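One chain follows as structure tokens, the form predicted on its own.
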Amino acid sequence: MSDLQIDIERRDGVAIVTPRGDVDMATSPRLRTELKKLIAAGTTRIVVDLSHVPYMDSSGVATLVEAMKSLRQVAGSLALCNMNPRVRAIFEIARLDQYFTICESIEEALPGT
């Protein structure tokens, strides 16, 4: 079982969440908890930097869908960036690439850039 490290940085009112490690059934509850904390604290704009996520299973995808739904209820936004091809394929197969804002970089995901 791998451990998931999660870094959170704030830039111009946006929380940039960077998980490091696989996001799977064992680790997705930790990511879910961190995202829920941010939303509960009033954060309405979140960018998830997936550059350090080599693998994500359906529980990881479900965690991001849940966060997106929560943010949309408060007129917020969630963007995903820096996905490796393996992770991006999961979103494309499930057609979630049409639901999420997916960017190539953090800079592209930040509003006003």
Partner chain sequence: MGAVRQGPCRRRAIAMSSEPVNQVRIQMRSDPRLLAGVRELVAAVAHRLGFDQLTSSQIALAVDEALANVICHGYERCCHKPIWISIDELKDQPEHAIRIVIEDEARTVDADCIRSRDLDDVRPGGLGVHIIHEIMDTVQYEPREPAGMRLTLIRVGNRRPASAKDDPA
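Residue numbers count along the first chain shown, from 1. Just so we're clear, the structure is a prediction, and the values are computed from it rather than from any experiment.
Keep in mind the form predicted in complex with its partner chain is missing from the figure; the text below concerns it.
- Residue 81 falls outside the set of residues with a heavy atom inside 4.5 Å of its partner chain in the model of the complex.
- Though the partner is left out of this view, residue 42 does not reach within 4.5 Å of its partner chain in the model of the complex, counting heavy atoms only.
- Using a 4.5 Å cutoff between non-hydrogen atoms, residue 38 does not count as a contact of its partner chain in the model of the complex.
- By the criterion of a heavy atom within 4.5 Å, residue 3 is counted among the residues contacting its partner chain in the model of the complex.
- The putative spot formed by 11, 52 and 71 is not touched by its partner chain in the model of the complex; no residue has a non-hydrogen atom within 4.5 angstroms of it.
- Residues from 47-61 that approach its partner chain in the model of the complex with a non-hydrogen atom closer than or equal to 4.5 Å are 55, 56, 57, 58, 61, in the order they occur in the chain.
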